[in-house]
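Quick setup: one chain, the form predicted alone, written in structure tokens, and binding and motion questions come after.
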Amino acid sequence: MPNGGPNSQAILVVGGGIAGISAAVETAEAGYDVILLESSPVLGGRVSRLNRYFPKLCHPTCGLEINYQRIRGNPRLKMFTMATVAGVSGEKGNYTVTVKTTPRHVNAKCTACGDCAAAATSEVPDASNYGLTTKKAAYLPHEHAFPMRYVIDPSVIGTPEADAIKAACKYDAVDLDETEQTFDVTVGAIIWATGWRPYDAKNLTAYSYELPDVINNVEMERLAAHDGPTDGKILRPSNGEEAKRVALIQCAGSRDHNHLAYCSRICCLASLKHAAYVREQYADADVDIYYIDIRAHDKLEAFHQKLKNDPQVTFHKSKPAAIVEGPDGRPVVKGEDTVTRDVYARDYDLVVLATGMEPSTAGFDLPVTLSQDDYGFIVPHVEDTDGMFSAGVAQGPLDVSMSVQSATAAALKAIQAVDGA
């Protein structure tokens, strides 16, 4: 027994995206106490910000709401949002984890009535829309938020606006005096499900991401979403006109030793999905897909073939050299066709860069030493003997179904670790 004391059978899951949620509910339903930490105000991670996801092209509510019900109904699972790991000490069976919480300034009395938002006057970037829009400084992160509780942005704390927000709440749910807190928990194993972030398209200087009509793939998901910045209508960010001539550029920064040297697995299918979004909205739309090669795995090859058979979707085997602003403000994609060797310069209403998945842990000092590969992914299985495990995209590029599978595997290993198997 570690340190001469009894082993803890509690399990900590770090990260409340689809992998972390899956690992937490599977572990709790197997009869183990689980603590789930999420750094943002809500669970769901990047899946909650998708319009639809494979393999069935479901809306995120399809899979997430089922899991939220499982969380609500399981007394063994305790959840903390706006919480991060500040430190880890000990060993398998007896880890002491220091948790740091950031103020939400709204307590559990919140009914999500929205009176606080009505009283707010200032605007802050909307993280759920990747900053494409702003929202009130008192806000509900999105319509499917879990927990369904408002957040007061720290920028207004100490101002008359904050006082007005507090006065507007009929339920005494606004706590302007809330401060950062830390507390310790003892657990026997830790699952790191820390997720990913889109590769920063600003690094792709040749692709002019600063142009308003050049966006990345996660932003495209928000444009197509019914609760997104354009209520689901795919429009040009520059002027709100319909985007009927669209370019989708594959491997934008991926498979490139100057940026991400690896394939992120999801990008090709995401772009095929984006082509389908455009064609569903506009019968007269034309979509060009620029690709190195298309990687549509398993049964999803049929989806690829469906798009290839659409006469208004054209595949160009080429990695564009540059995107520039045309004389009318439209982005112009320039390059050379790999097959025909033709040099092209084509203008579009909208250009979507298929940027890859970068681990959230890349470039950050972790609170504990974990084995990471050259790209920042937490190497799976290496920490197994120490009672630490990685799940989902924390361990490498995975789609949603694969993330769930890896989370289930991590849950089983964590159970085995605390049981001494």
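Please read these numbers as outputs of a predicted model, since none were measured by experiment. The term rigid core refers to the most C-alpha atoms you can superpose between the two forms while keeping them within 1.5 Å. Don't overthink the numbering: it's just position in the shown sequence, from 1.
Unshown form predicted together with a small molecule; subsequent notes refer to it.
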query: Non-hydrogen atom within 4.5 Å of the small molecule in the predicted complex for each of 32, 34 and 188; finding: no
query: Interface segment, criterion being heavy atoms within 4.5 Å of the small molecule in the predicted complex, picked from 357-365, 24-32, 371-379, 65-73; finding: 357-365
query: The unique member of 252, 287, 193, 138 whose heavy atoms fall within 4.5 Å of the small molecule in the predicted complex; finding: 193
query: Contact of residue 236 with the small molecule in the predicted complex (heavy atom, 4.5 Å); finding: no
query: is_contact(residue 410, the small molecule) in the predicted complex, heavy atom dist at most 4.5 Å; finding: no
query: Contact test in the predicted complex: residue 12 vs the small molecule, heavy atoms, 4.5 Å; finding: no
query: Residue 145, heavy atom within 4.5 angstroms of the small molecule in the predicted complex; finding: no
query: Rigid-core frame, C-alpha of residue 54, shift of 2 angstroms or more between the shown form and the other one; finding: yes
